[in-house]
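To begin, one chain is listed below as structure tokens, in the form predicted alone.
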């Protein structure tokens, strides 16, 4: 019985490899990008790029494991959800009210709840695990930008 279950799972795994995710990044206007418009310090820019941009921009670099189903489906779902929640590539198209709200949410998610970046992401990308100092710096910067949004 165990052998049949294993064989069935193996067959499903092999078949799943034929269903590839779309790894095409949507086009992005660099003049509308968050980093371009908000001009962070080099350290904040580095943090944004290593901890945020893969899921929250149109500049996703798909890792090697995104080629293996069913992990690829899970990765794609996270990226699609991240972009729909906040897309730094489209920052210039957001109205001021939405910008303020997203910045306030970012402070909450990064500093207060410490839920971003997601645990599975920084396990796979250890450089994306933010130190308390990095979280504070990013949160302070988000709050500063939120105050300036008109």
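Positions refer to the first chain, counted from 1. Model, not experiment: these values are computed from the prediction.
Below, we turn to the form predicted together with a small molecule, even though it does not appear here.
Asker: All three of 97, 112 and 145 touching the small molecule in the predicted complex at 4.5 Å, heavy atom to heavy atom?
Answerer: Result no, not one residue of the spot touches the small molecule.
Asker: For residue 35, is any heavy atom within 4.5 Å of the small molecule in the predicted complex, or not?
Answerer: Contact with the small molecule, no.
Asker: Is residue 93 near the small molecule? Define near as a heavy atom within 4.5 Å, in the predicted complex.
Answerer: Answer no; every heavy atom of residue 93 is more than 4.5 Å from the small molecule in the predicted complex.
Asker: Report whether the minimum heavy atom distance between residue 81 and the small molecule in the predicted complex is within 4.5 Å.
Answerer: Judged by the heavy-atom cut-off of 4.5 Å, residue 81 is in contact with the small molecule in the predicted complex.
Asker: My question is simply whether residue 105 lines the interface with the small molecule in the predicted complex - judged by any non-hydrogen atom within 4.5 Å.
Answerer: Yes.
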